[in-house]
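Take a look at this single chain in structure tokens; it is the form predicted on its own.
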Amino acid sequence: MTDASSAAMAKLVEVARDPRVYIEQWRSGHAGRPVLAILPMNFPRELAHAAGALPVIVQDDQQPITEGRALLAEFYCGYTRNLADQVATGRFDVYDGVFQADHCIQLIGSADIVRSLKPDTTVFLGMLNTSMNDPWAPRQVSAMMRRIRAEIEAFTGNPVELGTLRDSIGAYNRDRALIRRLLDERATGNAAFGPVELQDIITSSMVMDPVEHHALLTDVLLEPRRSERDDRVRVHLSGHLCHAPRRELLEVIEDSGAAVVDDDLYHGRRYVSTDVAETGDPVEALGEWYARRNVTIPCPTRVQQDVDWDGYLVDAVRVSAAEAVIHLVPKFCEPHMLYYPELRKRLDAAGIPQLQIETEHEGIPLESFRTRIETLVERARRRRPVHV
């Protein structure tokens, strides 16, 4: 890399691993404009961006959970307990308000912690319907998008002009497209970025202004990059619907003889899977974006009769020529746990080797995982054709 592209990549890594530094820098350069805490998975950040706010998807900051343990029950997932801990210890104070548009009962619980400990902070829940096939669904989604627009306008004090919203949609689309290009290159075996670097690139896009992120990522990609396929077993990572898997786990996967070639992780292809239409009414387009996301990559938290995650997964494995699937299941993630038997059954029927790894916020048994991943790699290798 050149000095410029190395500096750009270093900035993306810095933002991904310590979003608060970037938030404070952005705030100092944009006096009077709010920073919104966005909770995953489906909030239309474009609306907040068009109102002049910085919409930041709150990250699992990987610090040990201390006070958060007393605020949510142990059967809440590690991400939500970490969010509660961020609120209780003051690490959440960089945000001016909390906005979410999902139904996960655990995320709602963490937002309730904000209401309890920071009663003066605005907390908004836009309940996007999870039933996607009913004839009334598009109308209800459209109504909720208009409601979110009104809430954003009331909170920021700025109108969301349709022309400005189209500009924001275009900015996020361009950034998503650039990231998707890297993921597509990875699937062909020609990407020079490993899973940790790609996760840093995607995580930083969840934090930064999309125009600034796109400019930095463009600088990163100025240098030609090519990484030929090697003999490692090609794997697809599946799961982690709303927060990032630990970087050290991704490193162990690749150190164990596997090469990650595709995924449906939230901090992966799922996040950038779908663009918002740039023609027509932009608010209606956001509703269509929400509906199409579940078609592009199905989510077990949505109910839709004509798509299924297991079928998508088998098709994705065939497209990328992955040789095995590793399911990354956060402990106590109910949607994933309930859907996992269907995934396992379908992959078994298709003859695709697979491994389930249950992840936690801390105390991950990496060496145990390494042994299990090496076993999966060996199983996949034995399925390769023998040339005589």
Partner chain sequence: MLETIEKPAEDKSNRLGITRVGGRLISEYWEDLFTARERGKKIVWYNGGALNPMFQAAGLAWCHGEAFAARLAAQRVEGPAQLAGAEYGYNAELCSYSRTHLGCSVLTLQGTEGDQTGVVGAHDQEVLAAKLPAPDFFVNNYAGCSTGQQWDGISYRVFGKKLPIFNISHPFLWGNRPDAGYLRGEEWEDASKFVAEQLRNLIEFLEQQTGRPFDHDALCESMTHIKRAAELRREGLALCKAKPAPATFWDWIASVAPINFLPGNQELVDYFAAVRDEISDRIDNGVSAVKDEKYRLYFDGIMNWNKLGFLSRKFAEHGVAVLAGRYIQNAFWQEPHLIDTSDPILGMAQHYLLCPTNHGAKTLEYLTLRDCEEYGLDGLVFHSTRTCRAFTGPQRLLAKAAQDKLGIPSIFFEGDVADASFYKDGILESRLVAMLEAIDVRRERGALPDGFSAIA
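As the structure is a prediction and not an experimental result, all values here were calculated from the model. Residue numbers count along the first chain shown, from 1.
The protein also exists as the form predicted together with the partner chain; that form is not presented, and the subsequent description refers to it.
Visitor: Work out which of the listed stretches, 169 to 177, 104 to 112, 259 to 267, 230 to 238, brings a heavy atom within 4.5 angstroms of the partner chain in the predicted complex.
Guide: Only one stretch passes the 4.5 Å heavy-atom test: 104 to 112.
Visitor: Verify the contact flag for D61: yes if a non-hydrogen atom of it lies within 4.5 Å of a non-hydrogen atom of the partner chain in the predicted complex, no if not.
Guide: No.
Visitor: May I ask you to check whether R344 falls inside a 4.5 Å heavy atom distance of the partner chain in the predicted complex?
Guide: Output for R344 is yes: heavy atoms within 4.5 Å of the partner chain.
Visitor: Are any of the heavy atoms in D134 no more than 4.5 Å from a heavy atom of the partner chain in the predicted complex?
Guide: Within the cut-off, so yes.
Visitor: Using a 4.5 angstroms cut-off on non-hydrogen atoms, would L71 count as touching the partner chain in the predicted complex?
Guide: The answer is yes: L71 has a heavy atom within 4.5 Å of the partner chain.
Visitor: Would you confirm whether the three residues R147, Q305 and D308 all fall within 4.5 Å of the partner chain in the predicted complex, going by non-hydrogen atoms?
Guide: Every listed residue reaches the partner chain in the predicted complex, so yes.
Visitor: Using heavy atoms only and a 4.5 Å cut-off, determine which of N190, Q140, T218, T164 is in contact with the partner chain in the predicted complex.
Guide: Comparing distances to the partner chain in the predicted complex, the residue within 4.5 Å is Q140.
Visitor: Considering the partner chain in the predicted complex, which of V196, M127, V283, V211 comes within 4.5 Å of it through any heavy atom?
Guide: Checking each option against the partner chain in the predicted complex, the one that comes within 4.5 Å is M127.
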